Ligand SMILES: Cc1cc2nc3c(=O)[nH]c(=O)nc-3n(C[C@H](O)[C@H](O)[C@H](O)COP(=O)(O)OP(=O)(O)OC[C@H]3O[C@@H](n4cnc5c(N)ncnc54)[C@H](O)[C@@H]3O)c2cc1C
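Have a look below at one chain only, the form predicted on its own, in structure tokens format.
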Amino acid sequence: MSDYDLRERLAGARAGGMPAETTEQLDREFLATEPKPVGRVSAWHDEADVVIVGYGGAGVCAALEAARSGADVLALERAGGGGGTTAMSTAHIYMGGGTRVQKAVGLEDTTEDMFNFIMASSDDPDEEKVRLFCDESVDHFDWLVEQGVPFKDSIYPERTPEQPNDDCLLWSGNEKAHPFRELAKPSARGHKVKNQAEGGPILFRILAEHAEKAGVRLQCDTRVLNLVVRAEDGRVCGVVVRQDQEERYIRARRGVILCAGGFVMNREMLRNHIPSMLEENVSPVGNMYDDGAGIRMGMSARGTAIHMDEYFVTVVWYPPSSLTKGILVNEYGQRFINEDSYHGRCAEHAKRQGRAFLIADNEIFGYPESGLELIATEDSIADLEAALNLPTQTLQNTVAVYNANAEKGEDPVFHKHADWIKPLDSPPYAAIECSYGIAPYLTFTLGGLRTRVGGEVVTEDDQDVPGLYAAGRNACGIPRSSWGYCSGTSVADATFFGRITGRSAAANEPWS
């Protein structure tokens, strides 16, 4: 039975009011990931040195580098073609330390500044991974260019979630916002593939063409069901797949690399790990196969999953960039963040409030391009406060304090950069809804298998799972929290560590 057929059975069972035990049985059939003992494999239907599960950004880079390292590589993809969530993106890739584009537009950046910034952007960074990621960032940019990935030597200077043109560089995170600007010299590091809207497909197509030329075999419409393991030492020896409505066994002589995406489309896993993601008006970002299957397979082989409660979330309240000169307040009329922060950081802090509103005056107002709702306009802050049902005097006091400091070009409360400070003194005044569960939020998961720098999956007691690797959203990598996230770190992490993991698996000793 195909993956699609099983989904249809499950949806039909629920819609048709089947007994709970029937739908639970289908759930177990759909989600089963228990490993199969190698001793029960009577015959292998196919084999390769390295078998890759999932063929998105991480999978294609792992396949390409494993093949170039001399391995016979077989990539397995559940969908009808490769690409995954990477091919759905605009292909921002977070790179720095002095890339060709940074130098061309006159930006100075160092490996140390990039390292210090990323380390400050996570509660629990993997220092070894961050160090390697930063030290080899320029090399990664050069590698992508060598493959033919195009980057324009230009920068889009305006404050926006993504460029409306084919400019390359973007200030894609919190680099210029407090407290990060005090910890590392800011630099723009979001490199977008040269295309106005189709960067992701272009990036994947170029890498996939190189992988095919390097000899990578790709089998689509193939769902990996289970890992095959050796009982005596837990060595991963291959995979069980459903292909052409049959179960088949594929041997992996050197290793299996899990690159099958996150779990934002798996409501049961979200309920277990991040139940707040199930709120109304919270839309998952990913493809339909981001159901955590790779993570669960890794766990079934004794791999440890970490930071499963971490996620990216955003509400895109700018552009126009002039709205940054407004203030974000909660249901008590109080500010809670410096508004020049990255939209994801603002959204994470807004999520922690009961309600959240963006307050603007006539001079800076513009309708958010994302379509956020304008919920009140009044001629005075007092009337706006009443229209929002805020406690009396709260918003008035907040605006009075903000304006008094803004007259001096200062924000001693939240340290917003002077470029974005202006007194709110030009009526009428507006309130835009930014509340979590009411305004349209976007999200995806960040947790995954714990891996070493080389992609080796690690157990709870810090032992490698022999023959098992992970990259992309199946591994917990560089991006680990919403409040410190930067656009481009996911694609950068997937492609960078996908390459390293492919080389590691190719160099592993074969089992016999």
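Heads up: residue numbers just count along the shown sequence, starting at 1. Computed from a prediction, not measured in an experiment: that's the story for all the values here.
Keep in mind that the form predicted together with the named molecule is not shown, yet the notes after this line are about it.
No member of the trio 274, 308 and 480 reaches the named molecule in the predicted bound form with any non-hydrogen atom inside 4.5 Å. Heavy atoms within 4.5 Å of the named molecule in the predicted bound form are found in exactly one of 100 to 108, 380 to 388, 284 to 292, 131 to 139, that being 284 to 292.
In the predicted bound form, none of the heavy atoms of residue 206 sits within 4.5 Å of a heavy atom of the named molecule. Not displayed here, the named molecule is approached by residue 223 to within 4.5 Å at the level of heavy atoms in the predicted bound form.
Shown alone here, residue 58 lies within 4.5 Å of the named molecule in the predicted bound form, counting heavy atoms only. The named molecule is not shown here, and in the predicted bound form it never comes within 4.5 Å of any heavy atom of residue 255. Between the named molecule and the residues 364, 79, 183, 119, the one pair within 4.5 Å by heavy atoms in the predicted bound form involves 79. A single residue from the set 297, 328, 216, 71 has any heavy atom within 4.5 angstroms of the named molecule in the predicted bound form; that residue is 297. Contacts with the named molecule in the predicted bound form, taken as any heavy atom within 4.5 Å, map to no residue of 123 to 161.
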